[in-house]
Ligand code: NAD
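The data below hold one chain only, encoded as structure tokens and taken in the form predicted alone.
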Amino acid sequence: MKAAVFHSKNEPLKIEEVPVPEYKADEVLVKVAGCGLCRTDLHYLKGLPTFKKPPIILGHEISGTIAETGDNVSTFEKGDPVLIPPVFACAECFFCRTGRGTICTNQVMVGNHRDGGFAEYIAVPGSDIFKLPPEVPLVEGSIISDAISTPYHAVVNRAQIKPGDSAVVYGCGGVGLNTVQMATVAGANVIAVDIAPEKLELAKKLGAVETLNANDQEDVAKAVRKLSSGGVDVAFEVIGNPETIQNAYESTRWGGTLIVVGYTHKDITINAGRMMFREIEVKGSLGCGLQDYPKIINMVKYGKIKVKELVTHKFTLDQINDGFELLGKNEPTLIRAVAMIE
């Protein structure tokens, strides 16, 4: 089969012929239809180490159809359209058994611990994937796996947004814009912050009641507090930048909550006195638990959450390096790119 293989940092992926993966009795072989190009993959390409040493096939935002089923798999048949979550939890560790599967100590991530979806086929456990209804477009539906599920966990489980809450979202990339629409669906009045007018315009279409271009603000946190009458109930940082994490923190009201969704390896500086005196909560948010995927898929099925509008670019497997080059340049018209696996 054809695959885009990662060999070394700062080098393009190599399109190679590799063996079709073997599948175990409790696994299925999936013919990949679409796989999202995520900034996490870009981090690997720039030097962030993968758990499985290269060569490795990247890609963790995957949809496709069942090609073969293992002898112990009875819930899927050949041809079924499916969604593959990026992370499989063990269901046995302390965190899994207390409902915190997103921080499972034995988690396995496709495209990191094992080969991922930038290939024609992938083998995965049959117990950890989900059937997609015909109302969900197969290729574009791949972004449900991460770009939509991650905002769901951040909004519903970590922030526990309630109708009428005020929120700000710093960063209107793929995950950020889905945080805007997820928080809107949950009932929040959302302010969107970015530096790209194109992304802010789309944020309005997805439900933001106000938008702020950070380049036009001398103090963006102050501007957010002014728009929200003293600060928001919840601030989401979906970039992974110490400066914007601090701005998001300073955008909250007394008793508010900061949710850090964006990844950075750098340290951050926030005022501890403000946290203590104003009882501000700071929470991280990672991925999404498997138990939430049926709800998210239904939200897309019934039109509550949009996917087609978020997939602005498509690339064939042979063009995948062009997609990552565009992603690395922060092209403002690129919201989410998907590799179409033919």
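Just count from 1 along the sequence shown to find any residue number. This one's a predicted model, so the numbers in the text were calculated from it and none came from an experiment.
The same protein also exists as the form predicted together with the ligand; that form is not shown, yet it is the one meant from here on.
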Location of the ligand contact in the predicted complex, chosen stretch of 77-85, 226-234, 114-122, 189-197 [non-hydrogen atom, 4.5 Å]: 189-197
Partner contact for residue 286 in the predicted complex: the ligand, 4.5 angstroms, heavy atom: yes
Proximity of residue 129 to the ligand in the predicted complex, heavy atoms at 4.5 Å: no
Contact of residue 40 with the ligand in the predicted complex (heavy atom, 4.5 Å): yes
Touches the ligand in the predicted complex: residue 94 (any heavy atom, 4.5 Å): no
Contact test, all of 33, 62 and 65, partner the ligand in the predicted complex, heavy atom 4.5 Å: no
Answer option from 141, 101, 256, 173, heavy atom within 4.5 Å of the ligand in the predicted complex: 173
Heavy atom within 4.5 Å of the ligand in the predicted complex - residue from 206, 239, 89, 110: 239
Interface residues of 245-279 toward the ligand, as seen in the predicted complex [heavy atoms, 4.5 Å]: 261, 262, 263
